[in-house]
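Single chain ahead, written as structure tokens, the form predicted alone.
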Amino acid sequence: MVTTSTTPAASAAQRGPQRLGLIAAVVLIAVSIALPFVPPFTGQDWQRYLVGAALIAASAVAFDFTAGYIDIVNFGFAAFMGLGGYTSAILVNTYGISPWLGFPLGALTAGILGLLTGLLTLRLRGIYAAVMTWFVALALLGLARNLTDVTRGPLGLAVSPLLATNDNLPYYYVMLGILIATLVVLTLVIRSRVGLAFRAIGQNLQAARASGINPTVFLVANFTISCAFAGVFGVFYAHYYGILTPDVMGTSHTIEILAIAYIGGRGSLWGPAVIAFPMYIAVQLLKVQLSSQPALYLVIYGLLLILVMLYRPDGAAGVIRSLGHRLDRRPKSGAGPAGASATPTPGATA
């Protein structure tokens, strides 16, 4: 048996980026927990930005779970969020159930529709699957606008608050907990054998099929999980902002999530979570300064997305990985070039 020496080197090369990714996630969590106590984030307006940043970070993580691993862009992601929100709001308003019960119910509704959508569309690939998810989103948007007896259409549906407080800080920690749970659960899935199948399908569908993987089963499973998480985020959105309109299902919200997912780094999960906070807050501040141009933020996202795709397709996560490779390539103390041993060989002259 011939054993190559590249496997240990490859493992060592992977440990650096993985270690830095873990450090980045831990630092993100620590900073996120402490941030509301650091000026100017002690103010209610700034804490509202933090709530929105945590919400879009979790959404980008779940979006990346599909786009980054099975290479399907879900242009209906915001519509699945809206479906979860409307499900919880209608049940709470009609039957008086606790808003907390809306989380599993919203996830269930969005997940079931995600399952049906996946069964119908994910036999397609590339732009065809993306367009079909967009059509589903348009259908949901149309229903939300026209079923005025149920949704009140453009007038907006009033929603009971999740917490008995107007303070943004408790809401922020609830959403931060949802973000951390999303990141942990989806990371565990990706590191399992199921996640290995996801990666194989995303990299080469035909090769995955030839190796015995049923692509349709795993594509639908991935899409369903992502949509269920979208439903959870929609429930939080509804019970935090207190009103739901069909605009929450608009494609522009999906584009914002897509941009953060890609800028953070496709196929990393933690990359979008890291980049979402500074990007979202910066864009919100810019929207305040340019209130006369309310849609300008989409242009900014588009320009950033173009720059990332041209010059750094792996996004912020790729920058951190590159840093990990460079750190691992540094000469160790006492070692010569290329890691040569400092121990003199027998017979060497002094």
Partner chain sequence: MTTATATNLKQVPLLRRYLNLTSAILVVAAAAMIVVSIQNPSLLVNTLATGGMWALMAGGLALVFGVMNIPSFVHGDLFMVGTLVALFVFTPIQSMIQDAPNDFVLKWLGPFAGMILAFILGAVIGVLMELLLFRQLRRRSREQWVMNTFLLTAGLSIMFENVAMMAFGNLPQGISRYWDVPPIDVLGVPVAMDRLVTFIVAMGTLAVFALFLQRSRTGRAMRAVSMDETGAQMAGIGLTRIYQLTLALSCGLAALAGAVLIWLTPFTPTVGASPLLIAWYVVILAGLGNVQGAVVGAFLVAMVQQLTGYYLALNWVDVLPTGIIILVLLFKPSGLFGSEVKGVWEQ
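Computed from a predicted structure; not experimentally measured. Positions refer to the first chain, counted from 1.
Form predicted in complex with the partner chain: not shown, discussed below.
Between 49-57, 295-303, 280-288, 28-36, the stretch whose residues reach within 4.5 angstroms of the partner chain in the predicted bound form through a non-hydrogen atom is 295-303. Annotated contacts: 126, 132 and 258 all touch the partner chain in the predicted bound form [non-hydrogen atom within 4.5 angstroms]. In the predicted bound form, the partner chain sits beyond 4.5 Å of every heavy atom of residue 161. Residue contact check for residue 138: one or more of its heavy atoms lie within 4.5 Å of the partner chain in the predicted bound form. The closest non-hydrogen atom of residue 239 lies beyond 4.5 Å of the partner chain in the predicted bound form. When the partner chain is considered in the predicted bound form, residue 90 lies well away from it, no heavy atom lying within 4.5 Å.
Residue in contact with the partner chain in the predicted bound form (any heavy atom within 4.5 Å), chosen from 251, 182, 168, 151: 251. Between the partner chain and the residues 172, 218, 270, 262, the one pair within 4.5 Å by heavy atoms in the predicted bound form involves 262.
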